[in-house]
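The chain that follows stands alone, in the form predicted alone, written as structure tokens.
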Amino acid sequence: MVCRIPKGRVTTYKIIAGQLNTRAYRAVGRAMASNENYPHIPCHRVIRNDGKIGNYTPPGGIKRKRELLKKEGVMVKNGAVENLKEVIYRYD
């Protein structure tokens, strides 16, 4: 599911959980933290439901996550996605 998120877009742990017919948002977060195939599986495109970018386990941590998002055109300010309504991906 994460590979379906287009460059320049983000989705949330909650949206992914909903697509999986569960409310286990934290389990989705743990799965992202366990991703050993970054950035091929772009877990940096998954954020918290409140728009904050959350954590990033791969080398470079949150700073690297911000850099990857910025490189794709997703602007982050004060730890949150600025234009969330424009870049959110909902698996329609």
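From 1 onward, residues are counted along the sequence shown. Computed from a predicted model, the values in this text were never measured in an experiment.
One more form of this protein, predicted in complex with the DNA, exists but is not displayed; see below.
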Quick one: in the model of the complex, does every one of Val10, Gln19 and Tyr89 get a heavy atom within 4.5 Å of the DNA?
-> no
Looking at the partner-bound form in the model of the complex, is Arg30 within 4.5 Å of the DNA by any heavy atom?
-> yes
Contact of Arg66 with the DNA in the model of the complex (heavy atom, 4.5 Å) | no
Partner contact for Ala24 in the model of the complex: the DNA, 4.5 angstroms, heavy atom = yes
Would you please decide whether Gly60 lies within 4.5 angstroms of the DNA in the model of the complex, comparing each non-hydrogen atom pair?
-> no
